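Shown below, as structure tokens, is a lone chain in the form predicted alone; questions about how it binds or moves come after it.
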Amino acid sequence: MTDDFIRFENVSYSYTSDADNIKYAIENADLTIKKGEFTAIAGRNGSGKSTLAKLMNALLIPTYGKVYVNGKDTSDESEVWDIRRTVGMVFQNPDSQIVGATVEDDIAFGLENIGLSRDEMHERIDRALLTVRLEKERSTQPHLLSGGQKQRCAIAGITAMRPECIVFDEATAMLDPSGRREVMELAHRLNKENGITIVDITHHMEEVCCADRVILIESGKIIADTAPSELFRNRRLVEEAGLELPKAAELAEVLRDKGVPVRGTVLTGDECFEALSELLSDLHFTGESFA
């Protein structure tokens, strides 16, 4: 028995069918996503991240190779409905997913389509609203919500369907920092408290820092699959993928270049605060200073 939840076997995908002029958005991808993981997939715009995301729930079918979700082949038309219920997708623009006149109606839409009883629907809607912390907005028209609230509304509609995995396809790209924080905090709660497998497609390095694992993609090819702390030690690789260090890591590196002994791995704002607090405490204790 394997705990591989999503498995790519030598997968290539092209948006063109011209065999003489074929260009692959994804090429020869081999990867596995394990059940319960929080995986970030990072890369510059146009690197193939969103194509990879859509292959994970049969929105796209490989040109070559195979994708399996919980052992089911995404190219098997008889399995597609179950696969899409198993792997929910959150897209960049929440307006493209919200269809209800109110938040409650929007969550109900998918539940009605699978024929649940009225009592079961109400139970799932209540739970979904509680999970995304939109209980007070249940009767609100979605267009009146903030960007972060809209995305949480879209997530509520997905969680009500009880997926085992949620793929966030650049789901925070259109949000301000506050909205990004809301959505990512929710994603981590769904992972830690509900055991939902999370795949976060992103170019925000602050999101990558908090993942269990990061897969780096460039020009349709996987060029790294490692822990975030290992990735950010390899600045050449980060730059090759057209990305930047997280702001906290960049600050720590600048300070080290100037001779300030910032200790430990610094990737997040909290880690930076702790490292600098420790440094200032040491300076106060020893009476030293930096020129």
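Since the structure is predicted, the reported quantities are computational estimates derived from the model, not experimental observations. Each residue number is its position in the shown sequence, starting from 1.
Beyond the structure shown, there is the form predicted in complex with a small molecule, which is absent from this document and is the topic of what follows.
With the partner left out here, the small molecule still marks one of 37-45, 232-240, 247-255, 66-74 in the predicted complex; by a 4.5 Å heavy atom cut-off that stretch is 37-45. The small molecule in the predicted complex comes within 4.5 Å of a heavy atom belonging to A25. Although the partner is absent here, Y15 lies within 4.5 Å of the small molecule in the predicted complex, judged by heavy atoms. Mapping the unseen interface onto this chain, T51 counts among the residues with a heavy atom inside 4.5 Å of the small molecule in the predicted complex.
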